[in-house]
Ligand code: IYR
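As a starting point, one isolated chain is supplied in structure tokens, in the form predicted on its own.
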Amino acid sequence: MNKDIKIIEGHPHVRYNAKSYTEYEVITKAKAYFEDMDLRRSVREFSDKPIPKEVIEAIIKTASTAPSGAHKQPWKFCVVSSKAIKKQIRKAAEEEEMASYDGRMNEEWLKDLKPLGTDHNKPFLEIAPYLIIVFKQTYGLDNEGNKKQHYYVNESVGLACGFLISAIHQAGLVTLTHTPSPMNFLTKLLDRPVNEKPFLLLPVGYPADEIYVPDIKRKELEGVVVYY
């Protein structure tokens, strides 16, 4: 019998081959990863420089390593590079954003957004070489069209999006999380099935040659952690 495979409760399990590091290496790797991720910023000004498709495929494969409820992997990544479709998405998104800025958002919300310099104009939706629209699958469908239950869908897809953002940064690219509300127009434009709902839109590309981002600070450790 293969010692790397073990049957548990009637199901095959494979040996987990964890990498082994010294305590020093663990500390060094953890700090290095933080220092790199601390450079990550949401960027709204993109270059139209092309990106190899294999890069997009690699970051999506990384996102798909995220944990999910009962391993149902309830996500679908729709990758848009078509200029015509990107133009349609921008038009529809800006219409929704205009409605939000002109009435849906309350005064406090608008005040909180002001330092970030955002408005309803979203040129990056056409300039960035790729748009990745993440859809959540509220339930699954088998080959006969029968519904299959999914679990912890929002949590699972949220984790996958976090992995995706990290992978984008690690590849030397930039993105931002764009959530025009409502996002139902994306379902129609991309002709997605009834069990999929738009969750997040991420433009992906290189940053423009010279850009400036808001001078904001992240909370200190004491503000985000409690030890017991």
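In this text, all values refer to a predicted model and were calculated from it rather than measured experimentally. In case it trips you up, residue 1 is the first one in the sequence shown, and so on.
Missing here is the form predicted in complex with the ligand; even so, the following discussion is about that form.
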4.5 Å heavy atom contact, K122 and the ligand in the predicted complex: yes
Exercise: T179 in contact with the ligand in the predicted complex, heavy atom 4.5 Å: yes
Any non-hydrogen atom of Y152 within 4.5 angstroms of the ligand in the predicted complex: no
Y101: touches the ligand in the predicted complex, heavy atom cutoff 4.5 angstroms: yes
The single option of I85, M105, L141, V79 touching the ligand in the predicted complex, heavy atom within 4.5 Å: M105
Stretch from 154-162, 68-76, 132-140, 109-117 whose residues place a heavy atom within 4.5 Å of the ligand in the predicted complex: 109-117
Residues within stretch 38-61 having a non-hydrogen atom within 4.5 Å of the ligand in the predicted complex: R44
